[in-house]
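Just one chain follows, in the form predicted alone, and it is written as structure tokens.
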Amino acid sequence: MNRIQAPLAAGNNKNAASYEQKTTVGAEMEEIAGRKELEAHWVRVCDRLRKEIGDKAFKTWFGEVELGKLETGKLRLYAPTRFVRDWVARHYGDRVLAYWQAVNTTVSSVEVNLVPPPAPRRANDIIAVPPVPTSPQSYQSSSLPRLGPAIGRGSEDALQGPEARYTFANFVVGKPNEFAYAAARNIAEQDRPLPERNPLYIFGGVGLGKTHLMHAIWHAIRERDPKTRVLYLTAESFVNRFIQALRTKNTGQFKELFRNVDVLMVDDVQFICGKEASQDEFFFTFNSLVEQNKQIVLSSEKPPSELQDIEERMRSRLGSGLVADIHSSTYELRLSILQTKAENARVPVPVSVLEFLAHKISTNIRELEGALNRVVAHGQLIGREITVEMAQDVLHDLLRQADRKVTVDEIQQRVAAHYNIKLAEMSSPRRARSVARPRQVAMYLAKQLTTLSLPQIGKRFGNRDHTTVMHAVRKIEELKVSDLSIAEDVELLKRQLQG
């Protein structure tokens, strides 16, 4: 009896194990099928969103949003940064939910979260990392000829490779840079350049993100097709290499290097201004690449129309494609950048400190990030708690510079340049609208940005009465509500003066 029961028991165990295995496999298959269906729904939702808001806005705000899980009616989406998360939830939340419910009735709510941080690496984990070039030359195709060391600062080579940290994934998008970001993404994703977008010319002040976008384009193109010959360098490096080629009588090799690439990227192109021979060579290189239907990407501190000491044919070429500007940063964008940087560094920085830095340091993003680095390093190395008082102490030199007062002279100069009138018109008796309106804007800004009294402001505008200044302030406040162009002008001038 016992001999019979034992094998039967073993057989039952085997059957049970087999049943459990089949059940597990079945559950996994159902889970995979459910995931595929969810992904198909996400594609349909994205198609509807793209049709409604356009390709540019879709790529800007949903290009890196990831699909999460659907659990008990709640669907989770993941955004790469806090800023994108908040923007998507605030501006597109209702539409996203409506589109989801149209394709999947089980969805009752949509929640946008930050991408969860990667799990801690275990000792036995193997992480695949793409090879990092060890020398600047490895950033160009091996089939391209190589020139000798650059003329200039020490042994620094002219072809400096883009930094690995500058990618689209960690570029914080906000209203001041969203068009430039969308344009850069578009160029990076095109197999062939579009004539109306070649060259892409990105301009903006120092430290606002031009170089970050240039490097991000390089990385995106190389990731899409590693065989693409992308050459990135600064305009200074271009000039140095051209001078070297002239000295060594090797201009043929120089031309072969720069005219046999698929994408040419030149940073700080304003450096060629006033350099006639280099300008001519750049012009011929430009024409050669355009004729071959190759993409050109340029960056500068000024738009083509404001570049000085440059030939008209060159100015025309630079502005013949897509010109994208990056405005001065807003408080919201600066705060989002600080939050993202602190999260990526996994350093707990109080929100009050981030808000303080975003308010106080508005000159450029590079200084803003540097300020955060100083505060964090001080806290880690000295062991001091990170507070607003501590940040004030550590950044006293930077904050003193940031607190520089705006003067009436600066306001008048900036407003006159913006409206293209003579500076003398700020104090002239002329009442023509083309002069009076800019003068009123300048008076309004003087009242907003300085501590001067109305009589003191009137004195700086041709000894005008304080009631004239009062009228100007009221008039601009009314126009800001009824006239969008005036509101935009005032906001732009204000940011420029405070920046």
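Just count from 1 along the sequence shown to find any residue number. Nothing here was measured: the structure is a model prediction, and the numbers come from that model.
Only in words, not in the display: the form predicted in complex with ligand ADP, which the text now covers.
Among heavy atoms of T211, some come within 4.5 Å of ligand ADP in the predicted bound form.
Residue contact check for G205: one or more of its heavy atoms lie within 4.5 Å of ligand ADP in the predicted bound form. Among heavy atoms of N170, some come within 4.5 Å of ligand ADP in the predicted bound form. Although the partner is absent here, I365 is a contact residue: one of its heavy atoms lies within 4.5 angstroms of ligand ADP in the predicted bound form. Annotated contact segment (heavy atom within 4.5 Å of ligand ADP in the predicted bound form): 334-342, selected among 386-394, 243-251, 190-198, 334-342.
Proximity to ligand ADP in the predicted bound form, defined as a heavy atom within 4.5 Å, singles out one entry of E369, D262, D280, E236, which is E369. Interface residue among K74, R224, R165, R90, judged by heavy atoms within 4.5 Å of ligand ADP in the predicted bound form: R165.
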